[in-house]
Structures are given as C-alpha cells and as structure tokens.
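Coming up is one lone chain in structure tokens, specifically the form predicted on its own.
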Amino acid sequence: MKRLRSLFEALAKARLLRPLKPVIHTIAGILLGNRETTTEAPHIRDHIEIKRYMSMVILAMAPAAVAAVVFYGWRAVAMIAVSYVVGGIVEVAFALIRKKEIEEGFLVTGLIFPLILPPTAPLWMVAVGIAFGVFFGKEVFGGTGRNIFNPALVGRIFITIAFPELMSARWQKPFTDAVTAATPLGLFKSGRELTPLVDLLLGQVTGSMGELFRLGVIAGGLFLILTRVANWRVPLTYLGSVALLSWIGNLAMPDLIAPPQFQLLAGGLLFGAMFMATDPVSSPSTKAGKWIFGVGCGIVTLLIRHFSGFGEGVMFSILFMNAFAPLIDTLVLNVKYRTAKV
C-alpha cells in the first residue's frame, strides 16, 4: 500500500503529468482513501466527508438502479454509462482548468440523471442533458458545494423543455417493447383512472427508470436517514404535506385531485423526496428551514400536478424551492438570532 501511494505521489510530481494532477489525486483517493489526519485535539470522529456521503447515496440508490437494469436491460446500462462518461468529461475538464482535484459530487449526479429519465430517451439526449446539467447547474457556480440548484434536475428540465415530445409522449412499461404516452398521473388527469397501488409499488407501470421500484426507493431513503446522511425533516414534511393537502383536496374536489395514497406512490415523488430534495448543498441547512423547504415542495408539487399543463410537478417543485433555500436560511437565522438593541 505504501509503495502504491508513493507511486501516485511520484506521478503527481512528474513534470509531464502535472496537468493531470487532479485526475491522479482523485484515482489515488478512490483506491487508497484519505490519510490526512489532525495533528492535535480536538479530533472529529466519524465525520461525514464528501467521499463517504457520495458512497452512501450511491449505495442507497443501488436498488432503484438495479431494478432499472432488470426492467429495461442493456438500455438502462447504456444510459447510465453515457451519463457518467459525458458528465465525467465536463467534470474533468473543469478540474483541469481550475487545477483542482476532481470532486466526487458527480458520482451521484451521474447516476441520478439517467434514473429520472424515460427508458426511451435517446442516448444523445442523455449526453446533452447531463452535459448541460453539470455545466450550468454546478460548474458555473464554482463546482460541488457551491451550486444553488440540483444539477441533475437542471439537466432534466432543460431537455424536457427543449424536447417535449420525446420526454412526455414516449413511456415504456417494464419487460415490454410497447411505447405509450400514458403514465399513472396522466391517466388520472385525462380520465380520472387510478392505477392499482400494488402495480405502483412494484413498478409495473410506466415512468422514469429510477422511480418505478418504489419499495427499493423507500428502502434506500430509510437507509440514508438511519445513517444520518439525509435529514429526515425534508422527506417527512415533503411527503406529509402532499398527503395532507391531497386528502383535503380530494374531499373537496375528487374529480380534480387524486387521493393521498395514489399521490405518494405515483410519479417521481418518493424518488425526489428521498434522493434529490435531501441534497445538503441545494436545500436549507437550518432545521427550521428544512421544514419550510419540505412543505414548500409539497405545495408546489400538488399545484403543478393538478392545476398546470404538466403531468408531474416533483422536479419543478424541488428546483423552484432550491432557489429559495438561501433566503429561507437567512430568514430563519434572522428570526432566531435577532440583533440586540443597544
């Protein structure tokens, strides 16, 4: 292990390889870990640094990713591979330009992005979307930790607006070659048809690749909460506000607003609440702010689902509330820590 570490250090110092120093340090970090330690007290133990955070999120999303491969075969594998390769090129390019190490945040973005796409999305569209999301959703803000918006959602919304027909009219049911324009939310919106809850839970419906196996999504979300990688306040308030408001709305307008059990299992609500709304960079950092953020996501999701021309509101709601996250934290801190009057 010492010889291998010495080899990487020598490579990083080599004059010819100096431009590739960020790449060399990244590979060494992945293979050998970080050996930096504090020299004196206080020492922080079991701190969730970025490598551990990203590893836990990828592990939590593994059931949804594996289910996507089972449902759609090599098509899903190809979409994930294209996302990592193209997005990785953008990430490496910015690391070399800034002369900094490659940031591990892309490992999560590169997996989330293809999982929130329809399985029929062309591979060129996957490449365009992830490149746009990484470039405009993260790198222009300064990279991981500085982005205001979730990069995967930035890319998803861009290709949704740029290529609406390909993104909204071509959905494929698992284990079939049939392509349809109908999703569970679309069926309810057009004909008040409620898809059986068992089909929704097990993924026997149309939808984005990562959202279908909802049992796996729930398990992954609980894993993140139990390991304290994700804060429980955001998914609880997000899902809770959707359930409460849809229950009230269904009582008042049953032909317009679906019941809460359907709302929670349809579309990408569970996936968004567990893996995207909990992003610590683009969501509020204060505890009270997380409550407000989750409720806001729930309200906007329902408004878009039932009072707009879009069938789904999860991605728009999270991105919309991302923009208010800094303001929410500021207001919470101003209320909690008032300036003393002299």
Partner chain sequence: MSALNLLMIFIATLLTSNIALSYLLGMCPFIALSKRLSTATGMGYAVIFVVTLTAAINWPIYHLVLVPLKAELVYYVVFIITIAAVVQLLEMLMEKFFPALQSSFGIFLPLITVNCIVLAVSLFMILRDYNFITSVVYAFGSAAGWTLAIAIMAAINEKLALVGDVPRGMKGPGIVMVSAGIIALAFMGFSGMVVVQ
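Residue numbers count along the first chain shown, from 1. It should be emphasised that the depicted structure is a prediction, and the values quoted were computed from it without experimental measurement.
Missing here is the form predicted together with the partner chain; even so, the following discussion is about that form.
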Exercise for the section: Establish, in the predicted bound form, whether F158, I304 and F324 all lie within 4.5 Å of the partner chain, using non-hydrogen atoms for the distance. Expected result: yes
Problem - Partner-facing stretch of 228-236, 73-81, 262-270, 132-140, counted where any non-hydrogen atom is within 4.5 angstroms of the partner chain in the predicted bound form - result: 132-140
Exercise for the section: May I ask you to check whether L96 falls inside a 4.5 Å heavy atom distance of the partner chain in the predicted bound form? Expected result: no
Handout entry: Touches the partner chain in the predicted bound form: A65 (any heavy atom, 4.5 Å)
Key = no
Exercise for the section: Spell out, yes or no, whether the shortest heavy atom distance between I148 and the partner chain in the predicted bound form is within 4.5 Å. Expected result: yes
Exercise for the section: Give a yes/no on whether V154 approaches the partner chain to within 4.5 Å in the predicted bound form, heavy atoms considered. Expected result: yes
Practice task
Quick one: name the residues from 265-297 with any non-hydrogen atom within 4.5 angstroms of the partner chain in the predicted bound form.
Solution key: V281
